[in-house]
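Have a look below at one chain only, the form predicted on its own, in structure tokens format.
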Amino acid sequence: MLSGLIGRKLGMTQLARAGGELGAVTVLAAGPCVVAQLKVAERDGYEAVQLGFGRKKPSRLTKPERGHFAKAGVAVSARLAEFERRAEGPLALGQTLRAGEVFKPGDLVDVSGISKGRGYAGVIKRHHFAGFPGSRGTHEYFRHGGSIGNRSYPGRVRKGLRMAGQMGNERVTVQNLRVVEVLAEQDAIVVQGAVPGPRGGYVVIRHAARPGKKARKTGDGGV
């Protein structure tokens, strides 16, 4: 019906693989999401469906945001996101979409979320630099990044050079995670592997944009 849903990361656990080995999985709350807006090409320039997820106090919204939800006749949502329609079917403002209507076991999904913030980190933690030798003349320079440029050319520090700085707290997308199980009654899905963010963090779950070879495998030995 749609290309995805908004949800939350509930936590990680493990399931037994076909051969008896344990594999890591993540449980995601996928919906229920409510249709907050239907975008059409004639008015908006493109086709999309805007979904809302969660609840939020109306007092914490701006007046235009409160008007947006009032126009749709739906409760105030904590998160909004747009998705493409994958199949023809009736959709109306205020309609509720659940995990079992969008996902099924075996699907490949891309999960986007905000990664955990690690604060200000050095080059060893942030970029996995090796550091300097622990002996052999190294003096008070063990965890530094070393030289950052040349004197003559280019005569400056190039943009994007890996250095110390804020780590984490940025949008991260993990691609091609396989849906192991759909818990329709709990509006949750179980995906193979890890997803970004802490427990309780909001995530956007979409059908894989570039499934590649993994989608053509009938059994990859995973969970």
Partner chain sequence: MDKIIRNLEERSLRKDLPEFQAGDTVRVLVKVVEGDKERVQPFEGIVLRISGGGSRTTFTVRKTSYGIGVERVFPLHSTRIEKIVVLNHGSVRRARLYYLRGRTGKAARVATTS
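Numbering follows the first chain given and starts at 1. Everything quoted here is computed from the prediction, not taken from an experiment.
Just so you know, the form predicted in complex with its partner chain exists too; it's not on screen, but the next bit is about it.
- Residues Val111, Leu177 and Val195 are none of them found to lie within 4.5 Å of its partner chain in the predicted bound form, as judged by heavy atom distances.
- Among residues of the shown chain, Gly11 is one whose heavy atoms approach its partner chain to within 4.5 Å in the predicted bound form.
- Remark: Asp44 does not count among the residues lining its partner chain in the predicted bound form, judged by a heavy atom distance of 4.5 Å or less.
- Although the partner is absent here, Asn169 lies well away from its partner chain in the predicted bound form, with no heavy atom inside 4.5 Å.
- Proximity of Glu65 to its partner chain in the predicted bound form: non-hydrogen atoms within 4.5 Å are absent; the residue sits far from the partner.
- Just one of Ala48, Val35, Ala164, Ala188 comes within 4.5 Å of its partner chain in the predicted bound form, counting any heavy atom, and that one is Ala188.
- Contact with its partner chain in the predicted bound form, judged by any heavy atom within 4.5 Å, is made by just one of Val40, Leu183, Ala70, Val157: Leu183.
- In the predicted bound form, its partner chain lies within 4.5 angstroms of at least one heavy atom of each of the following residues of 16 to 50: Gly19, Gly20, Glu21, Leu22, Val27, in sequence order.
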